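Below are two forms of the same protein chain, given as C-alpha cells: structure 1, then structure 2.
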Structure 1
Amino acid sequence: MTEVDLLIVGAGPTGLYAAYYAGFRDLTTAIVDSLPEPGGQVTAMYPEKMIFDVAGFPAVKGRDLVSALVEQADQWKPTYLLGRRAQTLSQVDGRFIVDLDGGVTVSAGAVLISAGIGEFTPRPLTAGDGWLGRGMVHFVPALDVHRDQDVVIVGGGDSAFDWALALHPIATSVTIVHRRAKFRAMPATVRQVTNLGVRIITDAEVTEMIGDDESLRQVTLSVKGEDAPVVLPAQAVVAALGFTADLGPIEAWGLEIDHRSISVDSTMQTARPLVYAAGDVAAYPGKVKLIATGFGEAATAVNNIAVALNPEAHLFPGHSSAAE
C-alpha cells in the first residue's frame, strides 16, 4: 500500500504541476496515470508540436514542456504509478483508498483528479493484433528508438504526419499508409511531409505484420487497384489511428459529472469533500480548457488541499522565490 498526503489522478500538465506544488506545500504525493509516460494529451497526441501560449515560453515543444514539468515536480520526489488506471475510490477511517489495476492500492488524505478528457484508448489496427510492444506502438515517447529503422506510419491525421516529420531525419525510411485518398491532417503539414519525399501510400490497408518473437521485419499492404500485395520492410509500425477518451471508473466516484466534466467550486473541490479536480476535467461557468488554465487551477486546488488537511496551514503558500 502506498501512503501519501495527496493522490493525483492523471499525469498530464495539470497533474505534474500539482505534484510540484504539493511538494512545495510539504505534502507527499503519488501520481497515477494509465499511460506509460507522463504528459497526458501533450505526450500522446502532439509531443513534437510547438505550443505558443504557455506563460513564460514564447514557443515550447510539447515534449520539452513535459520534460520541464517532470523536472520541476521531481524536486519533491513524487511516487509515479504509471501504466496504471485508478479504478475505485472508497473511504476508510477518514482516508481515501484508491485501487489501481494491477493490485496496487493507494491510501491518501485527499485526492486531486486531473484526468483531462479521460483515459485514452488507442483505436486498434486489426493487423497489429499481438504486435503491441513488439514492433507496433500507438505513440512515440522517445524518437531515438526509431533511429535507423524502416518505419511505417498508419493513419491520415495530424499525429501521423507529425510523427513522419519528426522521424524522417533519423529513420532509414518513413512511409505513411492511409486507407483513404484524403487526409484529416492540416494541409500545410501534408505539404511539408510530401516535400520531404516521404512515401505516402493511399487507399491502402495493412493486412499482415510479419517477423519473429523478438522483432518485426515487414508489413503487407492491400492497395486499391493493385493486384498483388505490396510488401514494405518495417522494424516499426506507428498505428496513429487516434484515440477514444473516457472517464471510465471515475464516473462511479460519487461526483457531479456532466459531459465528462466534474463540477467544482472556487476552491476546485468537487461535490465530495477532500476530492478536488483541476485541468480539462474540472468544470465551472466560464471554464476555458487550456494548459495555462490547468496550471492555475492546480495551484488553487493544492493550496486549498493543504489547508483542508491541516487547518493551521495558511492558504497563501508564500512566494517560491523566498524559499532560497
Structure 2
Amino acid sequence: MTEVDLLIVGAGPTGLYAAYYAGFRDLTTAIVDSLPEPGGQVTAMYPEKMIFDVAGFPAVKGRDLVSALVEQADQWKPTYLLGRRAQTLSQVDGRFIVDLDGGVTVSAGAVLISAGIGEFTPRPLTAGDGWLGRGMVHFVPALDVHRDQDVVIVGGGDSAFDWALALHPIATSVTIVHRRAKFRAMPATVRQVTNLGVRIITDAEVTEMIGDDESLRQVTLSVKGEDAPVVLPAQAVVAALGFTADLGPIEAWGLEIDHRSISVDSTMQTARPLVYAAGDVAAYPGKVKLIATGFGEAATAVNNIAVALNPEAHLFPGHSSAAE
C-alpha cells in the first residue's frame, strides 16, 4: 500500500501543478493516471501544438509545457502511478482507501480529482478498421514521423486543422477530408490552412484504405457530386474525428456529477468532505475551462486541503519567492 497525504487522480497540467503545490505545502503526494505518461490530453492529443494562453509564455509547445510541469513537481518527489485506473474509493479510520487496477492500493488523507474530461476514446473511422498502427493514427505525438509523407487528415475540428498547420512544412502533401461543408474549427485557423494552399475536400468520406500488410499506399474517397471515386496517395491517415469521454468508476464515488463535471464549492471541495476537484472536471457557476484556470484551482484546492489535514496550518502559504 502507498500511503500519502494527498492522492491526485489525473496527471494532466492541473494535476502536475497540484503535485508541485502540495510539495510546497509539505504534503506527500501520489499521482495516478490511466495513461502511461504524464501530461493527460496534452501529451496524448497535441504534444506538438503551440499553446498560447498559459501565463508567462507567449507560446509554448504542449510537450515542453508538460516537461516543465513534471520538472517543477519532481522537486518534491511525488509518487507516479501511471498506466493505472482508480477504481473504488472508501474510508477506513478517517483515511481514504483507493484501489487501482493491477492490485495497487493507495491510502490518503485527501483526494484531488484533476481528471480533465475523464477517460477518452477516439471515435472510429469505419474505413480504417484494421489499419491502426499500419498507416492510421488518431493523434500526432511526433510530427517528424510524417516527414515526406502524403498525409490525409479526416475531420473538421480544431485538431484536424492544427495538425494540418503543423504537418504542412514537413509532409510531401497534406489533404483535409471532411464529410460536411462547414467546419467546427476556429475560422482563423481555417483561413490559415486555406491560405497555405492545403487541399480541403468537403462533403466527402474515406471509403477504403489500400496498401499491404506493413504500410498504407492510398485512400479512396466518396465525394458528393462526383460520379467516380477520388483516389489520393497516402502513407498516413490522421483520423481526427473527436472522441467520447466518461469519468469511469469515479462516477460511483458519491459525488455530485452533471455531464461529466463534478460540482465544487469555492474551496474546490466536492459534495464529499476531503475530496476535491480542479481543472476541466470541476464545475461551478461562471467556470471557464482553460489550463490557466486549472492552475489557480489546483492552488486553491491544495491550500484548503493543507488546512483540512492540519487545522493549525495557515490557509495562505506565503509567497514561493520567500521559500528557502
Ligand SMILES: Cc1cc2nc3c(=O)[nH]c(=O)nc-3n(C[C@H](O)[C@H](O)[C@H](O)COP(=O)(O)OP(=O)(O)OC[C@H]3O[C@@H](n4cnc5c(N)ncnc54)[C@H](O)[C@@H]3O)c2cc1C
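Think of the rigid core as the biggest set of C-alphas that the two forms share within 1.5 Å after superposition. The first residue in the sequence of structure 1 is number 1, and each one after it adds one. Since the structure is predicted, the reported quantities are computational estimates derived from the model, not experimental observations.
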| item | value |
| --- | --- |
| Identity of the form predicted on its own, given as 1 or 2 | 2 |
| Option at the hinge, rigid-body rotation between the two structures, list D158, E119, V104, K224 | E119 |
| Turn angle in ° for the smaller rigid piece between the two structures | 26 |
| W131: CA movement between the two structures [superposed on rigid core, Å] | 10.3 |
| Core-aligned Cα shift of A239 between the two structures, given in Å | 7.7 |
